[in-house]
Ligand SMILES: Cc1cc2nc3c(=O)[nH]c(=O)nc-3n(C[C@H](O)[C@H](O)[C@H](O)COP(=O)(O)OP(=O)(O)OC[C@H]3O[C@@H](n4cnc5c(N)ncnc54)[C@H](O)[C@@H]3O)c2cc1C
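Encoded as structure tokens, the following chain is the form predicted alone, with no partner shown.
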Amino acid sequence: MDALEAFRRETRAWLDANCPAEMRTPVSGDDDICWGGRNFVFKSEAQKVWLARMAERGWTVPGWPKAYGGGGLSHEEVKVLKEEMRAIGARSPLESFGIWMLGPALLAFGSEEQKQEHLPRIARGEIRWCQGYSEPNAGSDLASLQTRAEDAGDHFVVTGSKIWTSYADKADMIFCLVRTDFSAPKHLGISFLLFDMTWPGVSTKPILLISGKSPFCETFFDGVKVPKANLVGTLNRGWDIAKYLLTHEREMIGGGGGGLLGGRSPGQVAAQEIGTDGEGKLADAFLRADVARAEVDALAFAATMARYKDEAASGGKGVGDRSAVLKYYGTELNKRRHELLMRTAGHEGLEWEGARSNDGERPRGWLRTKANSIEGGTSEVMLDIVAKRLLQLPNA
């Protein structure tokens, strides 16, 4: 037996002994998702136990070094762990912008003190982070940001505002782009700061979306004092960190959408709700063709994503500009999935309230996907990156 097969058997046995039965059932609502943080309220004891057990083993961030709360697993071992979790239907123990975005940036650019302070707390789910990037006049053109951090000796004074800050009203801390040199070209003079959302001068205001719900907020900074020890990387070179972090954000957004309506695919939902013919095929031939096309495209996308990650791991680098491919296609695919779910539901899919529809879960989710191809960089920006940086096409 080779080492990887031995690891698989050990992992399977550990998961079987330690993953609570409740954590092997599909996610049925927002409160089934564990985001962690100082004020997070666990839905059940099983959810709390599952996070604690996985964090103790370093498996909330299995690929991070053990010194920073990770599992120290190789790329291949991480794949095995994920395969074994999928095999028993195990939920993710922790969802976190700290894991998906800030952690990789700190590993690449943070000081040793910053890594020791923040990464283990991210791994244990103790701190919930939000991202302070977009501003009212700096969205797709992010480098035009105007939130300023004035040098005040041993600290900065941060003044300005951010918008579309996901879960800012629930976050404990923020990683934030600020302008520290107003005379420099716009891509220079930007710095990357970390600070607490409870500090004086920080406030948030939720933004209601067309779906009737929203994870987004406006975030305001009114003379927030931030110690200089909270500067990540080099002063005025925060854009380098911002670009690196954006590749992880786009990879994260592009990889979403797999957990529709209790983890079922559009084909499974349609088969259950519309029914099948004597050969087990969807009774609606037109819908059947569109579902088949979407599911084949999803399989091809998953294979492409796995290949990109394998090549990135073997090269010792991130996915880089290929994250634009993943973000563009993954979000367009997610929008197609939700369109199919709405077609499957027919007129009942328009129900907005009530227990039968789980308070309109399907139409609200469908409307929410309209933002997928805007947040984290629009599809137009992604196609521009693909054309210029990957295909090396000339400007029009």
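None of the values given here were measured: they were computed from a predicted structure. Note that residue numbering follows the sequence shown and begins at 1. We call the rigid core whatever largest set of C-alpha positions still superposes within 1.5 Å between the two forms.
The same protein has a further form, the form predicted together with the ligand, not shown here; the description that follows concerns it.
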(message) Given a 4.5 Å cut-off on heavy atoms, tell me which of 265-273, 158-166, 303-311, 226-234 is the interface stretch with the ligand in the predicted complex.
(response) 158-166
(message) Residue-level contact is defined here as any heavy atom of the residue lying within 4.5 Å of the ligand in the predicted complex; does residue 134 satisfy this criterion?
(response) yes
(message) Is residue 374 near the ligand? Define near as a heavy atom within 4.5 Å, in the predicted complex.
(response) yes
(request) Verify the contact flag for residue 381: yes if a non-hydrogen atom of it lies within 4.5 Å of a non-hydrogen atom of the ligand in the predicted complex, no if not. (result) yes
(message) Using a 4.5 angstroms cut-off on non-hydrogen atoms, would residue 139 count as touching the ligand in the predicted complex?
(response) yes
(message) Can you pick out, from 195, 216, 220, 100, the residue that has a heavy atom within 4.5 Å of the ligand in the predicted complex?
(response) 216
(request) Consider the chain as shown here, without its partner, and state which of 362, 53, 368, 337 has a heavy atom within 4.5 Å of the ligand in the predicted complex. (result) 368
(request) Align on the rigid core first; then say whether the Cα of residue 30 has moved by at least 2 Å between the shown form and the other one. (result) yes
